[in-house]
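Single chain ahead, by itself, as structure tokens, in the form predicted on its own.
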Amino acid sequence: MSSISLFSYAIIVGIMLGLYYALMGLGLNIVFGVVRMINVAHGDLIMLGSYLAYYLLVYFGVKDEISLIISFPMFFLLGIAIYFAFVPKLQSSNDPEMNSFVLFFGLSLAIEAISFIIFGSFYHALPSSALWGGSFSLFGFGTPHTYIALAIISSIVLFITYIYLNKTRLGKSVRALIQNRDQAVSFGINPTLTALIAFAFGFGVAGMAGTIGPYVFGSVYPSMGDFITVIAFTIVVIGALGNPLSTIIGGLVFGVFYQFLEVYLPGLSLAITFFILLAIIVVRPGGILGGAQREV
């Protein structure tokens, strides 16, 4: 196999998976943008979305395309419940950032513990036939059709999010709130309603990412949330924390770079990727697009 074919394969697969990684980090960035709180339980939401897809498939024969649609309203409502239960109290506290970190960390531990009780410690995999089974040859390498499905589904959700944030009145209010809360309020934007919907939207997107997550991570298990949260945070930081659409750049960069390492240095791929994260934090703390999007 020629080096050019290997290089091309790494780029194309990296882009396909990178679109999913962007979807995976999108909800985390939206939630941070509207309430300035890092949801360290984000990976656990994705884990729950994966279990939802698994049990819908096993017990009801529901394909992942349908699970994807079902998951959004369920996690949207969960986001509304969590917002009203915790966010107003956190925002009125003396140290909302630290208190939110502790609270979401505790929420993460609770979700993981409950998941172990309900689902057990077993690893469950979704059959590839549930999402475009089979494979095709890409530069001589067998490549699952699921990669194409992941890229298409992720692109659709990312495009819908772009329309929501840039073409709708509510989405523009979200962007205004992210950029300057006080100024947004002075222009008549309802900060509570805007933040509530955006917060819940972030949860809904996380649930959708979870339904197709097992095709990237191989299986679903209760403790996978911690690992996913770290990856999602890496993607968000690479793009720009607080700039939701920059997550697309972060996901693509992470996906391509990680795939290159998987091809050429598979044993060190994850470790080197996180070293790159540290380098970006040191050299450009705001991310690749940090400070680029500051006007509505």
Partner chain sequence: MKFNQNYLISLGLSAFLLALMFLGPMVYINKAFFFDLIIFVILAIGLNIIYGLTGYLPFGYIVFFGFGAYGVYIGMRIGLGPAEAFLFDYLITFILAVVLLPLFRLRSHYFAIATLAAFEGMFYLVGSPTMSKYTSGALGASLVPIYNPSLTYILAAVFLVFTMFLLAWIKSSPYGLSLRAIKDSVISAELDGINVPTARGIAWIISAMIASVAGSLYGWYSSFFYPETVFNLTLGIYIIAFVLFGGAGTLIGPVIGTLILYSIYQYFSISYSFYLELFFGILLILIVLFMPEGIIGILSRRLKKSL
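Owing to the predicted nature of the structure, the values given are computational and were not obtained by experimental measurement. Positions refer to the first chain, counted from 1. Whichever C-alpha set is largest while still superposing within 1.5 Å between the two forms counts as the rigid core.
The same protein has a further form, the form predicted in complex with its partner chain, not shown here; the description that follows concerns it.
Heavy atoms within 4.5 Å of its partner chain in the predicted bound form map, among the stretches 66-74, 53-61, 227-235, 246-254, onto 227-235 alone.
For the marked spot (116, 278 and 281), a heavy atom within 4.5 Å of its partner chain in the predicted bound form is present in each of the three residues.
Distance criterion of 4.5 Å from any heavy atom to its partner chain in the predicted bound form singles out 102 from the list 81, 102, 193, 163. Listed residues 138, 107, 170, 125 were compared with its partner chain in the predicted bound form; 107 is the one with a heavy atom within 4.5 Å. Its partner chain in the predicted bound form comes within 4.5 Å of no heavy atom belonging to residue 217. Contact annotation: residue 182 falls outside 4.5 Å of its partner chain in the predicted bound form, judged by heavy atom distances. In the predicted bound form, at least one heavy atom of residue 38 sits within 4.5 Å of a heavy atom of its partner chain. Its partner chain in the predicted bound form comes within 4.5 Å of no heavy atom belonging to residue 260. With contact defined as any non-hydrogen atom lying within 4.5 angstroms of its partner chain in the predicted bound form, 86 is the only contacting residue in 65-88. When two forms of a protein are overlaid on their rigid core, residues whose CA moves 2 Å or more are considered shifted, and residue 281 is one of them between this form and the one not shown.
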